[in-house]
Structure formats: structure tokens, C-alpha cells
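One chain follows as C-alpha cells, the form predicted alone.
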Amino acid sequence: MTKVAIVYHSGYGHTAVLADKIAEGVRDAGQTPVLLKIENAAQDFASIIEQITAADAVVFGAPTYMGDVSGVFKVFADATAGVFFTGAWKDKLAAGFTNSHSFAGDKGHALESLTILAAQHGMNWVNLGLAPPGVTAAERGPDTLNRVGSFIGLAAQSDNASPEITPPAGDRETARLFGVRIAEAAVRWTRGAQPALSEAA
């Protein structure tokens, strides 16, 4: 089975909801999600890095704080420098997700940071692949898929309330569909690589 690592930091539990829904989507696609929660900036990241290295694809996730990924996630990103120098993640598939209170909140910048992290490792990026709703702002409700209108990755919006109720249903379903997309892409990618690896041997 194809393994998809989902490595994320969640300050208040809302980003964790998205990670869980992405994992659900990976399972719905018949593949294996590996949830890797970053607890704090002082932890040892060796195990997380090893599990990403063993996975076929990785999804990076962090809340958007002050227009970028959280500081805790950035510490993890910096800790992957050793992998950068070995090229161990080169040609893996990668994707990303973020969440914040605002509908904009410069979430795009946070997603760009995740794409740059993946690009520096030589990874191949999987975008959201889900068009924003073709409806007026008045019709855009909490059940709408991709209601924030992101393309580069998953962007969700949460109110200042319990993660049991926010982000809303539309964002959660968007995350699940993103998990399905990433898992299916990873299956195609790894199957396509097999003949090339056999020929190279």
C-alpha cells in the first residue's frame, strides 16, 4: 500500500481537524495515512523525518500565524536541512494545507512557504485540484467546497470556537477530497516509477 505522511502543527486543534480529514481521504482511496503531529519546537524531529523518508508522499500542514506558517512548524522545516543535503526526499510527492481565522489572512503566503520547502527538497507538488465555487459571495456558505478559493493547496477558515464545530463542513470535505487526490496521485507516481527503477537496475 502507498503511504502518505501528514506532518502538521496545530496550535488550537483546528489544523488538526484538517489533518484528520486528509487522512480519512487517504484511507477512502485505499491507501495508508501516517499522521505525524509536531508537538512543540523543542522536540526531537528525528522520528518524524524518518517516517517522511519512508513514505511515498508527504502533506505539510500548519496554521497561518502573522502571514506565514507557525513558528513551531518553521523550526521543524529548518530541522530537515540534513535531509536536504542527502537528497533523500527528492522526487517524492508533496502537498500542503493551512488554516486561519481570516478568509484571507495571507494564507497564500503560508502555502507558498510549504511549496518552497518541498521545492528545496526536490519534491513534486500536488495542488488542490478543486475549483472554487462559481457562486456569488452571498451564496458561499459553510458547506461550500473550497469556499476560500485556494488553488496551490488547501486553505481553510476557522472561527474562534471549538474545533468540534469549526472549520465548517465544507472545509472538512475539501480536506477529505484533497486526501483522496494526494493518495491517488501517489499511487500513480509510485507505479510509474517501478519500470524505470527496474530498467535502471
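Residues carry their position along the shown sequence, with the first being 1. Everything numeric in this text was worked out from a predicted model, so none of it was measured.
This next part talks about the form predicted in complex with a small molecule, which is not shown.
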Checklist entry - the small molecule isn't shown here, but in the model of the complex, which of 170-178, 61-69, 27-35, 45-53 has heavy atoms within 4.5 Å of it? => result 61-69
Checklist entry - With a 4.5 Å heavy atom cut-off, would you call Asn146 a contact of the small molecule in the model of the complex? => result no
Checklist entry - Even though the small molecule is not shown here, does His101 get within 4.5 Å of it in the model of the complex, heavy atoms only? => result yes
Next on the checklist: Contact with the small molecule in the model of the complex for Lys21, defined as at least one heavy atom pair within 4.5 Å: yes or no?
Outcome noted: no
Checklist entry - Would Gly108 count as touching the small molecule in the model of the complex under a 4.5 Å heavy atom rule? => result no
